[in-house]
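Two forms, one chain: they're shown below as structure tokens, one block per form, named structure 1 and structure 2.
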Structure 1
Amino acid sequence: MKVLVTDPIADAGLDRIREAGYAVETAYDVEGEALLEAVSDANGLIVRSGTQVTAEVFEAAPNLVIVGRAGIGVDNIDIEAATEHGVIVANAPEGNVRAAAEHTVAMGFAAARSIPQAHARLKNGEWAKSDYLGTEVNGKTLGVVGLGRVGQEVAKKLSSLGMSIVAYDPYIGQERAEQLGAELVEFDDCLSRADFLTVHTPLTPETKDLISTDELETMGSGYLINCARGGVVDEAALAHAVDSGVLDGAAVDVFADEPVSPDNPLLDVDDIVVTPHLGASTSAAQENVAVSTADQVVAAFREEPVMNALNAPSVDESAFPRIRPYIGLAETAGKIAGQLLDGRIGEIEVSYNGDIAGEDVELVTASALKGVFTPLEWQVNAVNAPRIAKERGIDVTESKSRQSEDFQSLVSVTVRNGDEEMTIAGTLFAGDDPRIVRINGYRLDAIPHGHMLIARNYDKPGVIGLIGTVLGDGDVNIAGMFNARRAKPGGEALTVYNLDSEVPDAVRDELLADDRIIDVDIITL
């Protein structure tokens, strides 16, 4: 397994990957064809905000399992395309929050006290003391747009410096805001009441140009700080608002296009303080995000839960050991069900009975879907299986009951095609030994493994002998078998064989030619 790293991350992260036994290749600042070439044999890709991970990148990287973002913002990653290609996208949402909040506060002070401007003039030999009369934050109002992790940290820091906090965030509860001493207000209120307005939303279609000419006019005066994402604040409108005196000043760490071009209007306005996207650039933050991202890449390679996956079913680390064996069981049940039902699948139901019903089974259900779709030769995994179901108009339902008749835990996968349905139910013996215990109402005890032949036949003397003879003549060795029948003798029966090799078509045809055999399915797990 190889991890390609295309933006610089702390050595601690690179070491972590190597220590886990995987190769690391660094190729900083690659783009275009060079990036596509570099990623072509990568199993993992680690980026910061510098690499554009587009749909083309996923096309070019057939072996990619995970893209790790050593930081928070993922607007440079096409998550839709990742999901389509079954690639996990995970970020490191906590490691640089303090660094970003501290930088935001520093930028606020820099703008309010004209520190960079005064610094530059003094370095130039000018004692411009009388040109600068700053603004204190004490007693002023801070408006926070986006009261998430960074926004909250900024609110805490600045309220301890005597600021009142108003916040606009349609997705945060009143209670949380109150705990922070912040008043949740409408957007316009937030703008008009803020002496300092600080933006902390992600860049999404909804937040693009969230703050433009009208919003800056609603502010009317004061300072705007953007240490979130370029694009949330319209750059030309902000440059004009500060230049024309609508605002007193601004501080900007992030730009719509980075690296920023020299003709960006924000660079021309003296009262706008700028830094080149330095919010997360502290050694502590870089070490945190590099290690967290590396751990997630390693987890993905080991098929363990990826804690900060943004497009994959999540699972609590402490619960993972309990659900781990059911992931494989559900996938196997799904594979068998999908192969036994003829025709187009319209519906999939995954049911949990007994102890397993008390667990978070999102990943188990996704694995059951993966199992159903795998034989259909789509490139599928637990990341993209739910999406594949949706795209194909397949209804997926999940049901849970703590009641279980015969087993401590039972996982059943039912696939439906109009009136027909196939249910495969499995359990674990001795904690992790998978068994198929029901096939459409037949009770059995079959080991799901390797090549299997499942025959439906009339329960008549000699049938099992016939199947054994035909398989033997075809040079197919039987490793194990289980026979199940409906309540009374003479009706229909079902026989499951574990075989040491594939079943040739001729063997299958010969079995089907016997009128005691109703159907024969050959399955490879």
Structure 2
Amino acid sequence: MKVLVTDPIADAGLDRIREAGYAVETAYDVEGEALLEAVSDANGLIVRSGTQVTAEVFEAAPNLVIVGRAGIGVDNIDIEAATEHGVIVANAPEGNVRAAAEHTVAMGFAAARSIPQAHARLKNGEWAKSDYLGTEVNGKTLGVVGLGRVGQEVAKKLSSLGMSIVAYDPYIGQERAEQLGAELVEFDDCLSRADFLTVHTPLTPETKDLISTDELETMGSGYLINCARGGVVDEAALAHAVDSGVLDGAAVDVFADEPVSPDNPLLDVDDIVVTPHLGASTSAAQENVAVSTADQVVAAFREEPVMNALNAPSVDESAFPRIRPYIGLAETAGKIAGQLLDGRIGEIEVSYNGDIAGEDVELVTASALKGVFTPLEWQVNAVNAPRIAKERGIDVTESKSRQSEDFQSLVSVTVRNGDEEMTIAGTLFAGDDPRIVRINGYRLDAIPHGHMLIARNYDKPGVIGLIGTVLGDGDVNIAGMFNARRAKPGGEALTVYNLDSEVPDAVRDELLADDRIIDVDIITL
């Protein structure tokens, strides 16, 4: 497995990957055809903001498992294309939160106290003390647009300095805002009440130029700070607002186009403090994001949950040990169900009973879908399985119940094609030993492993002996056998055989030629 790194990251991250046993190749500043060639044999790709990971990149990298963004913003990565190709996209949102928050606070103070301007004039020999009358933050109102990780950290820091906090974020609940000491308000209210407004939203089509002329007029005065993403604030409108006195000042660390061009209007306004995207530029932050990104690449290679995956189910690290055994169980149940149902699958239901119903099972459900689709020869994994279901018009439902009649936890996968359905239910024995305990109403205790023959037959003397004889004559050894019947003797029965090798077609045909055998299915796990 090889990891391609196209933007510089701290050596600690590269060492982490090498220590895990994987190769690292660095190719900084590559683009265009050179990037496509470099990524063609890569299994992992690590970037910062300098590399554009487009649909062409995913087309050129058939073996790519994960793209790791060493930082927060992922607007340089085509996540839709990644999902279509089954590639995980993960960022490192925690590693530079403190650094970004501290820089935001510093930029606010720099703008409010005219620190860079006074510094430059003093360096030039001017004692301009009377030209600068600063603004204190104590008793003022901080408006936060986007109360995510960095926004929350900024709010905490400035709240401790005597600021009142109002926030706009349509994706956060009132209870969480109150825990942070913030009043959750509408967008215009946040703007109009803010003495200092700090922006912490990603750049999306919806947030591009989110704050422009009208919004700056709504603010009316005060200071705007943008250390989040360039393009969220209309740069020409902000330059005009500060230059004309609508705002008292601004501080900007991020730009719509980077590196910033000399004719950017923000550079010409003295009361706008600018820095060249330094929010995450501390040694601690650089090491943190590098190590976090490397750990996620390693997790993806080992088929473990990627904690900060943006397009794949993720799970809290503390909860993962509890659900980990059920990931493989659900995938296996899905594989068996998908192979046993005849016809086109139109609906998939994944049910959880008992203790497992109290867990976050999104990753388990995605694994069940992966299991259903894998025998159909679609290129599928837990990243694109939900998308495959949607594209093919397959309804997916998930149900939970803390009640379970016979088992501490039970995972069931049901596939339907309209009139018919197939349900496979599984559980774990002794903590992590998987068992299939129900197949469409038949109760049994089968070990899901390797080659399996599932025979449905009439419960008559000699049938099991016949199956054993035919398999033996076909040089197929039986490793285990599990038998079940629904009702009284003489009715239908079902038997699961674990086999040491594949079943030749001739053997299957010989079994089906006997009137006592209703159906025979060959499953390979």
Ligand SMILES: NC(=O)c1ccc[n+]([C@@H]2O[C@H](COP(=O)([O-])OP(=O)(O)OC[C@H]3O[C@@H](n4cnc5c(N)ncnc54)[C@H](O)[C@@H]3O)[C@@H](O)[C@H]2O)c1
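All residue numbers here refer to structure 1's sequence, counted from 1. On a predicted model such as this, the values are computed, not experimentally measured, just so you know. The term rigid core refers to the most C-alpha atoms you can superpose between the two forms while keeping them within 1.5 Å.
- Each of the two structures shows the same chain on its own, and it is structure 2 that derives from the form predicted alone.
- For Glu398, a C-alpha deviation below 2 angstroms is recorded between the two structures after rigid-core alignment.
- Core-superposed comparison between the two structures: the Cα of Thr83 travels less than 2 Å.
- For Asp445, a C-alpha deviation below 2 angstroms is recorded between the two structures after rigid-core alignment.
- On the core-superposed pair, the CA position of Tyr132 changes by 11.3 Å between the two structures.
- Aligning the rigid core leaves the CA of Lys208 displaced by 3.7 Å between the two structures.
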